[in-house]
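The chain below stands alone and is given in structure tokens; this is the form predicted on its own.
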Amino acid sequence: MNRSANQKMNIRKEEIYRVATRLFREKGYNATGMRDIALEVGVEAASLYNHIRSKSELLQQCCFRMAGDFSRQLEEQEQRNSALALEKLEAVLRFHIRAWINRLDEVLVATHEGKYLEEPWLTEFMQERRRYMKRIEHIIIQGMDHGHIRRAEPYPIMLTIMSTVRGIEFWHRKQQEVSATDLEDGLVDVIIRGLLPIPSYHRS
């Protein structure tokens, strides 16, 4: 297969992925069939199998693509040895916020439909999610140990951060009455300032 044909194949495969992800979000994974996806893409259902093996492959792709993106961003922050834990946490938080703003279909599918992954992918996905949360907790603990984050149980702090970001779904439903920039800065300000032991931290 020549380069041009490969590019066309990849473009069509990505189109199928985007359509499937949107339908999984709108209708739910179980209620979405291959014919639904094919109809939206504008091809015969049988033609989809030239690009993907199954509907479950599309769900797997979505969940692990998101997990990989989040993990790589977190790793970048973990490797910033000279940065304060609070600075790392802010960078991770902003990445989460932007994902919920710009990649809502993928984030919601990974969050709510990931439970329908087939084994062994379901177990691997859930383990990766738990490891990710533990890594965020570790950054929070580092901040506490260095006096940059107020002393408290790290797990509830991590849950509060994650649940606050999930509220962005309601921002989408209200037709974005607040700009994305104001939303991001506002959430970061509330969360980060709420973690300060003293009111002396200022974001650059």
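Nothing here was measured: the structure is a model prediction, and the numbers come from that model. Throughout, we count residues from 1 along the sequence that is shown.
Omitted here: the form predicted in complex with the DNA. The next part is about that form.
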One stretch from 63 to 71, 157 to 165, 144 to 152, 49 to 57 that, in the predicted complex, holds residues within 4.5 Å of the DNA by heavy atom: 49 to 57
Heavy atom of residue 44 within 4.5 Å of the DNA in the predicted complex: yes
Any non-hydrogen atom of residue 39 within 4.5 angstroms of the DNA in the predicted complex: no
In the predicted complex, residue 35 touching the DNA (heavy atom, 4.5 Å): yes
Contact of residue 12 with the DNA in the predicted complex (heavy atom, 4.5 Å): yes
